[in-house]
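The chain below stands alone, shown as structure tokens; this is the form predicted on its own.
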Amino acid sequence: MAYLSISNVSKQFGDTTVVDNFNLDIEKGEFVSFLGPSGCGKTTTLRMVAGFEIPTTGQIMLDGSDITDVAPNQRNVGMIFQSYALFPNMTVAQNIAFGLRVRKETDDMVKQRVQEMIALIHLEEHANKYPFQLSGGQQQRVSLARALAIHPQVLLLDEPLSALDAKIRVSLRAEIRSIQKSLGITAIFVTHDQEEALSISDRVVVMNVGEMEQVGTPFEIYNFPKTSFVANFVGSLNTSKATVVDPAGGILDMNGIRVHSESGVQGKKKGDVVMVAIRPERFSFSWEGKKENVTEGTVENITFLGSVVRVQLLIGGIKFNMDTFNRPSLTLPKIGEKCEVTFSSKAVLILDD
């Protein structure tokens, strides 16, 4: 049995269904991210696990106990908010001790645990400072320490990094992941940032309009998206309709161009119309080495993006983006020129929808 099980959970506010038939099993010590745009239901699902919202239907089990209707203060769950939610009139040490004081732990136990948590987040020199004296990143570290101080069974993080600047976000997310791994605590992380979700998660749950679109490892979500929403939301993507020519051979006709795919042609019939997806980085120039698919395109635009150069190509009347690493020896065609590009049969994904 899973450590945390969310079964057939739905949430309605009036006539609006915010979460619809959500099912997920999470193992002990696993780090799972809920990824999706605003309004997709990810935070509402997190709040149901925390107890701040009660499911309209369904059940939530934690370590064998039904917590569906249990009050938030009766669940052994730690939560970190986007806004830090620290008490402004309390010091760092007092904020971390708050949950322990509420649980009426002994003074010696509280003192020891607070020292452990302050050391864990490397803020020993700031123990007696107030929140307004700390940076945003430091405040969020205090929030993390306060959530962990009570030895929660599950750590819930509701977009904890969105209020921070880019560099601090990157360093703090790595720190959160490192602490989670070292403690072996089960964690659910809510974010709309695909890079965050892919970089720190064991599994990612992609959500859209209250439903789960796909669940998988970061590798699976990025490389093998099952729907056009997942494929477009996670990373850049080229999409086009194509007609199945030879299901057994994986041959497709993409607006007059013959394309070979190893993905998802099985079960299709000749003449079926499917949605094809190819990541920009899966294209390369044919002079770098030809793959199963070779075609000609006209260069429409070239954009330098630092370490990557994006080449926009017109292939068979369809615009495709091709990404290649920027390097001093890189040879690029000129805008308006025709060039031959190539991509493997594994790069051609057939989306379920």
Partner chain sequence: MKLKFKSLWSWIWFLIGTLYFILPLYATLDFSLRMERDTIGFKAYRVAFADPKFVETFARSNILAVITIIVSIILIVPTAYWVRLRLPQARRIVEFITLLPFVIPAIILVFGMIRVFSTPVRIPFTDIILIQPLTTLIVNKFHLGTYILIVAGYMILALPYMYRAVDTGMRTVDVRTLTEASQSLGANGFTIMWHVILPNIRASLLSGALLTYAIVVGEVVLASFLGLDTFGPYLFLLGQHRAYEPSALTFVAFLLTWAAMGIIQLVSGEQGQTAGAH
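Residue numbers count along the first chain shown, from 1. None of these values were measured; they are calculated from a predicted model.
Just so you know, the form predicted in complex with its partner chain exists too; it's not on screen, but the next bit is about it.
Chemist: Taking any heavy atom pair closer than or equal to 4.5 Å as contact, tell me whether residue 240 reaches its partner chain in the model of the complex.
Modeler: No, residue 240 sits far enough from its partner chain in the model of the complex that none of its heavy atoms falls within 4.5 Å.
Chemist: Is there a heavy atom of residue 47 no more than 4.5 Å from a heavy atom of its partner chain in the model of the complex?
Modeler: Yes, residue 47 lies within 4.5 Å of its partner chain in the model of the complex.
Chemist: Heavy atom to heavy atom, is residue 218 within 4.5 Å of its partner chain in the model of the complex?
Modeler: Output for residue 218 is no: heavy atoms all beyond 4.5 Å of its partner chain.
Chemist: Is there any non-hydrogen atom of residue 224 lying within 4.5 Å of its partner chain in the model of the complex?
Modeler: No.
Chemist: Given the stretches 273-281, 83-91, 106-114, 243-251, which is the single one in contact with its partner chain in the model of the complex, using a heavy atom cutoff of 4.5 Å?
Modeler: Of the options given, it is 83-91.
Chemist: Verify the flagged residues 170, 233 and 235 against its partner chain in the model of the complex: is each one within 4.5 Å by a non-hydrogen atom?
Modeler: No, none of 170, 233 and 235 comes within 4.5 Å of its partner chain in the model of the complex.
Chemist: May I ask you to choose, among 197, 188, 207, 77, the residue with a heavy atom within 4.5 Å of its partner chain in the model of the complex?
Modeler: Answer to the contact question: 77.
Chemist: Considering 128, 182, 266, 73, which brings a non-hydrogen atom within 4.5 Å of its partner chain in the model of the complex?
Modeler: Exactly one residue meets the criterion: 73.
Chemist: Looking at its partner chain in the model of the complex, which residues in 99-119 have at least one heavy atom within 4.5 Å of it?
Modeler: Residues within 4.5 Å: 99, 102, 103.
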